[in-house]
Structure formats: C-alpha cells, structure tokens
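The chain below stands alone and is given in structure tokens; this is the form predicted on its own.
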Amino acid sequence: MSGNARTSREKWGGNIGFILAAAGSAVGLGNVWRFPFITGQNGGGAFVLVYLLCVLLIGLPIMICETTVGRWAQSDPIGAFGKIEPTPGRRTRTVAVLLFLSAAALLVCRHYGQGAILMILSLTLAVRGWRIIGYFSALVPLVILSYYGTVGGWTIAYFFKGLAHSLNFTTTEGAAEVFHSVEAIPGVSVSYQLGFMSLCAVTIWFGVRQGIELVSKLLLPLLFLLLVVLIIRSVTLPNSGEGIRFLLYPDFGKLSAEGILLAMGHAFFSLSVGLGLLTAYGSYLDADKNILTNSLIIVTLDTGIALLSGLVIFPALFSVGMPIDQGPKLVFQIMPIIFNSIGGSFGWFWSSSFFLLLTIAALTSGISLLEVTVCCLVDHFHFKRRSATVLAAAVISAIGVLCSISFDDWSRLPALQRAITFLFGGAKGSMFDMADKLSSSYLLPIGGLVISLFIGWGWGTDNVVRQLPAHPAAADTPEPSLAARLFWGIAIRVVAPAAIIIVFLHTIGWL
C-alpha cells in the first residue's frame, strides 16, 4: 500500500468505538443463540468453566496477535501478513512442505475436500508466503456470512411477528408451523435474508467512524439493556433458581470429553479469531491505544454477554419445566412458548424484545464479517469503499440465497449436492449445513492454526509483546520482560496450535 493510502486511512474516533465494534463482532448469534443450547446439551456450569478457561488460554492470545499485526501493518489482512514477510523464507517453505504432506495423506484417505483445501494452502504458502492468511481472511467471512445472513433474516422476521402477535403459540406443533412458514417458503426466507444483508451493507457504506463505530455505539448498549430487562423477568419466575444453579454451578460429573472439545472450539470461534476481522479492525487503531487492555475488555464483554444470555434462557426453561437440551431450535421454537406461558397478555412483548436482541447480535457480527472482505478489496485490490461494499454484499447475498432456499435439504440444488458429496464424502443436511460445517470445521481452524504458527514461529512473540502497550514505537518503550516473553511464547507457539489441532481432528472425526 502506498504512503498516501496510509495517511488517508480511516481511524476509529476513540477507544470506546474500537472496543464496542470489536466486542460487537464477537457478540453475535454464537453467544446469544449457540452458547445457551450447547451449554444445555453439555452439563451447564462445568462446560461454562472450561469454556472460560479456553477463552483465556486460546482465544485471547490469538485475538491479541491479530490486532497487533493489523495495527503494526496499517493494512488489510492480505497486505498485513505480506508486509511482515514479503517473500517466503526457509521456515515458511518448511511449513508449506509439512502442509503438502498432510494434504497428500488426506487425499490418500479419500478426504478430497479437506485435502484440496490444505493442498491449495500449501502451494500458495510456498509461492506467496504468509499472504495466504490474508486470502483466507477474505474467504472465511464470505462463507460464514452467506449462511449467517439467513439466520439473521429469521431474527428480523420473528421480531416483526412478535410485534404483530403472531408468536402466540403454546405448543411445539404451533412453533414448528410458524418456523416452517419463515424458513421453508423461499420468497419469505430470501426476502428477510436480503433485508439483513442490506442493513449490513448500508452500515459499511458509510465507513469506519460514521458507519461501523456509530452503529456499534448505538446497538451494543441497546443489546445490554435488553439483556438486563429479560434477565430481570427470567430470574423472578418461580423455580428460576434451579436454572441459575445449572448455569453457574460446575458439576463435572455431567461433562464429557466431547463437551470439553466443544468448549474449546466454541471459545475459539466466539471471539471472531482466525478470520482476519481483528486484523482489519486493528489496522484502524491508533498507536496510543493499549492492545492488551482493550483485548481484555473485549473478552470480558464477549463472555459476559454469553453468560447473561444464559441467565435469560435457563431460569425460564426451568421455571416452566421445558427440556434444557433442545439444540438449535431452542431460540426460534421453544423460547416463544416460554414467553407465552409466563407473560400472560404480555407474551408478545417478551418475544419481540428477545428477537430484537437476537437481531442486534446478528447485525453486529454481520457488519464485521462484511467489513473484512470490503477492507481487503479496498486496501489490496484498490476498490473504492462503496464499490467494494456493493460487490462484496452482492456476492455474499447470492451465495446466501442458495443457503436460504436449501435450508431443509438439497432438493433444489441436486448438482451442487453431487459435487460436494464427491469432495467431502457426503452432503448431509443442506447447503446451509455444509456452509456452516465448511467454515467452522475447516476454514476457521486452519486459519487460526496458520496465524498462531506464523506469529509464534515466524514473526516472533517478541514483536507481539512490544506492540501491546500504547505508543509501541516510542524511544522509552521498555523491552518485554522475560515473564511476558515466556507466557506469550508458550501460549502462541504451543498451547494455541495444539488446541486448534485437537479441535480440528475432533471435528473431522479422527479424534
């Protein structure tokens, strides 16, 4: 990137704007929708404790590394990692060879999709160096947002249905009928999905300060306020104490090895690490901001809102005697039943408030995911921001339409089903399911793994530690202490890569 481009680069208006935007990227449907139902399926408090430990030991170090690289390079993810290592060195080629051999092993074992991904990664790494992390950073959010926008559209639909008193069902059959009327009718599902993407695109259109930062300052406090209101209603219900105990009291007898691995994976994914988002946001951060302090605040907000979401859901579940292990349908089908059971004539109010909360959570993440792709187009491919926004939103929306029309099965996309079956050994579920699996099981772990390997063994943990305080380039900036270097060296070089590899092997069925 040219010097002029750097000079005119947008910046956050203040530290609060960066913190709220980064926290908003992490506080998405994963925390408000996914965290409660996987907690319910895996024993409650013990799962939560393992999740919190994994956030600190795995998620936080990689979050700090991504933000550090972005601020240091003042560029999009592709340019940032390319600046650190303009041409592939000996270590890079060694890693490329190891990845190539791993890809060959996967191909021999007939894991064609996984093998192809690693093969492309290894060859690109050998030729282009660590810019591959940046290319992954542009690709992963595109895949995630394509199906995430579908769920975001459902939250908007349910919010309006709540206001219209259309969520007044009290049985699972009635809940399933309403959900079917949203997701199974292509015109309805696609319309709401495009509406959700339009809201994300309009925000990105106005840039960092007038778009992302302004919207984050409005939505995050509103999200917190809605959480507090819903928590007050939930914890004042009869027998709500049992739900609070389930969430906060660790009973390790209910925690399985499967639950531990799931907690590790969710800790990694819930912070939005491994997809270049924090690299892009870090590139808009001034040198007078302390990355370590900001990262700790962001992690606290992210995990805090996940726990608060649990305090909305579990006391209500226990109060009305509903099962706690409902899975993904918990939010869209079970929660309205609960609100109608406890709210009297105000069930519509609690339902619409809850789905407004979900809509805000979805938007804050969707905006951030779109910004990664736009940032790469602007910085690396020299698009104007508004042109990049239109292009990125159009491509993602087009893929998202395919996810929306095939949520139930592949009946509308048979050719695509055959292709994916050949690559990945089976196209179970739908394109929506495959997009989710591709991103969460393959692209995100691989992206996070190469980031931790590169930072730990390529760029070096000393460079990360030097960038943590405010004004890292100042003459009086002290050298990193031995304790700090040891901690980050172990966390980035050993703990994070090992944990990601374990999670990856588990998700592909090898562990």
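Since the structure is predicted, the reported quantities are computational estimates derived from the model, not experimental observations. Residue numbers run from 1 along the displayed sequence.
Here the subject shifts to the form predicted together with a small molecule, a form of this protein not shown in this document.
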Report whether the minimum heavy atom distance between Trp350 and the small molecule in the model of the complex is within 4.5 Å.
no
Can any non-hydrogen atom of Gln193 be found within 4.5 angstroms of the small molecule in the model of the complex?
no
Going by a heavy atom distance of 4.5 Å, is Leu369 a contact of the small molecule in the model of the complex?
yes
Could you tell me if Leu444 has a non-hydrogen atom within 4.5 Å of the small molecule in the model of the complex?
yes
For the small molecule in the model of the complex, the stretch among 226 to 234, 159 to 167, 273 to 281, 195 to 203 with residues bearing a heavy atom within 4.5 Å is 273 to 281
Which one of Asn31, Thr461, Gln467, Asn42 is close to the small molecule in the model of the complex, taking close to mean a heavy atom within 4.5 Å?
Asn31
Pick from Phe354, Phe136, Phe339, Tyr148: which residue has any heavy atom within 4.5 angstroms of the small molecule in the model of the complex?
Tyr148
